[in-house]
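Taking the form predicted alone, here's one chain by itself in structure tokens.
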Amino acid sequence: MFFQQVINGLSVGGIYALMAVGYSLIYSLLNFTNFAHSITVTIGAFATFYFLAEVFQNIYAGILFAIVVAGILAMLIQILGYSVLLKKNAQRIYLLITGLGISTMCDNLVIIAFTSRFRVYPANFSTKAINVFGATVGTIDLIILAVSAVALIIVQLFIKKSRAGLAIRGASFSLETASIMGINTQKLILIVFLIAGALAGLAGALLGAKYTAYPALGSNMANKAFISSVVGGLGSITGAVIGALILGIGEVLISGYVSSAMRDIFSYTLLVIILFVKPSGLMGVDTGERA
């Protein structure tokens, strides 16, 4: 039973990690929390559903479609919502408020466009369960865990090994200095939003596969991803993954052994404790006031 709960927790934590890494990437570069991130999660789920319903009933093809759509949407949010403020060197709190406005507006547009009904994918991963060390583990949880791990490894390799990744790491210390050194920072920001959006779209597609697609999906789950990134340390990719796994496993164990009603209480209590004890997070660095 315990092993089964841990696998389920790792599966949920893997999805949180996909979203939390997006938060951390944007935060490390621009020093603000992109609360519009949640809508790309929702669109990822709905893009997958409509691809499966109208185009081709293959869950993997649907996930790839969601990644593309969410990545493009994230870049549009940056171009239409943030770029003007960034060019004016606006205070980061204005960017945060803009993100909240975009999130609220888009959540309502999704309800208008798709209604508030819950939608089940017409094609999905295998629902069979397998026996692992005497525990019954759902195949879907193992697949979600594997897909999340592969995606996170690819992003980590991109950040560590590619020239664009090197530029992102350099710009995370000082965007202005990177610009002086000849780096096209506008293009770099778009790349970061593309990566964050693609990961969020993947997270939304996997959440839709594990649960269902509905308009508030992104808002509900992105809150947990934000908690994960704060616990791990905003701006730290490794910290975001660690925070997500801690939160995912913790929530599942609390739900399984105590009460499902305590799940959200555990999450927000963990957030408050971290902010009191170590505001910069487990692996974050205190660099002063940010948004």
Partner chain sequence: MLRVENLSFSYGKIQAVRNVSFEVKKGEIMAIIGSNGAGKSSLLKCVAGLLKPQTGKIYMEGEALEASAYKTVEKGVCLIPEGRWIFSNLTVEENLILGGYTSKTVAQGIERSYDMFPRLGERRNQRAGTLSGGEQQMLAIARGLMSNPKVLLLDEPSLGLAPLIVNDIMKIIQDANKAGVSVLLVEQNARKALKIAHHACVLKHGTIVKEGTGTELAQDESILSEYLGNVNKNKKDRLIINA
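None of these values were measured; they are calculated from a predicted model. Residue numbers count along the first chain shown, from 1.
Beyond the structure shown, there is the form predicted in complex with the partner chain, which is absent from this document and is the topic of what follows.
In the predicted bound form, at least one heavy atom of F173 sits within 4.5 Å of the partner chain. Not displayed here, the partner chain is approached by N184 to within 4.5 Å at the level of heavy atoms in the predicted bound form. Contact check for K128: no non-hydrogen atom falls within 4.5 Å of the partner chain in the predicted bound form. Within 4.5 Å of some heavy atom of the partner chain in the predicted bound form lies at least one heavy atom of R169. Per the 4.5 Å heavy atom criterion, the partner chain in the predicted bound form is contacted by stretch 174-182, the sole one of 197-205, 71-79, 174-182, 120-128.
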